[in-house]
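Only one chain is shown below, in structure tokens, and it's the form predicted on its own.
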């Protein structure tokens, strides 16, 4: 320990320069606590303000989906190319190496399978387990217009309350029921309800007509859901249009792990999301990387 006699008068106070406090880069997130911002900054790339999430949580309601039969063989090799991994605690604990550096978004709602009414979900993971697993966010399904709409909304608000207590963001995932119209009016309603009730960011589907009104009317970041498998150029075009129209990234699953070359596809999606690459040039990148493999 230095003695009193060794203490010197400080000189570099820069009194002529007011202290700068950097604003947070994510839409609607500047007033969040430091820990929550830090977790969001691991999900979203601070350079681009966007994220490429890899969704592999499908098994929680539909079992071993095509491409997810063996997580260890099919998924672990492509994880390093994603910013974020969205999955269940069972897969995280049993298969994903603890040395993984990608941000983890944990699915915390559940309760029914594809054989029953999907909107009949409850909170299926305790907040203490989310803390124990050191996750960056918790994902809750919200069924606006579904049979169990109220329950799903309450599920989300409960996780928002618990997440606020411990500095963990809540991702509201908007689900479209079989009888719901996939149009801008519906999605504006769904995402705004989730944002108004406290979700820190929202995952929803892309629509060709009016998606920019969905993102503009939502005060927090929106991440585009990938949906069913479509041709690579179509998926890249959808991702490109989504981010150009205000989305803060994409969360793709089947369009990645059901592709002929998942690593190449994930890198092509990254080029679109983080570098504003055009779908056509991203497809060329995909083909080049695919052929190299």
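The shown structure was predicted, so the numbers you read here are calculated from the model rather than taken from an experiment. Positions refer to the first chain, counted from 1.
We do not show the form predicted together with ligand R5P, though everything after this point is about it.
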(message) Open or blocked? Place ligand R5P on this chain by superposing the surrounding C-alphas onto its site in the predicted complex, and call it blocked when 3 or more ligand atoms come within 2.4 Å of backbone or C-beta atoms.
(response) open
(request) Establish, in the predicted complex, whether 26, 50 and 246 all lie within 4.5 Å of ligand R5P, using non-hydrogen atoms for the distance. (result) no
(message) Residue-level contact is defined here as any heavy atom of the residue lying within 4.5 Å of ligand R5P in the predicted complex; does residue 170 satisfy this criterion?
(response) no
(request) Check whether residue 251 has any heavy atom within 4.5 Å of a heavy atom of ligand R5P in the predicted complex, and answer yes or no. (result) yes
(request) Consider residue 231 of the chain shown here, and say whether it contacts ligand R5P in the predicted complex, taking contact as heavy atoms within 4.5 Å. (result) no
(request) Verify the contact flag for residue 63: yes if a non-hydrogen atom of it lies within 4.5 Å of a non-hydrogen atom of ligand R5P in the predicted complex, no if not. (result) no
(request) Heavy atom within 4.5 Å of ligand R5P in the predicted complex: which of 239, 265, 43, 55 fits that? Just give me the one. (result) 55
(message) Please tell me which of 136, 159, 191, 86 lies within 4.5 Å of ligand R5P in the predicted complex, judged by heavy atoms.
(response) 86
(request) Name the stretch: of 182-190, 92-100, 219-227, 150-158, exactly one has residues whose heavy atoms fall within 4.5 Å of ligand R5P in the predicted complex. (result) 219-227
(request) Any residue of 122-145 with a heavy atom within 4.5 Å of ligand R5P in the predicted complex counts; write them all down in order. (result) 141
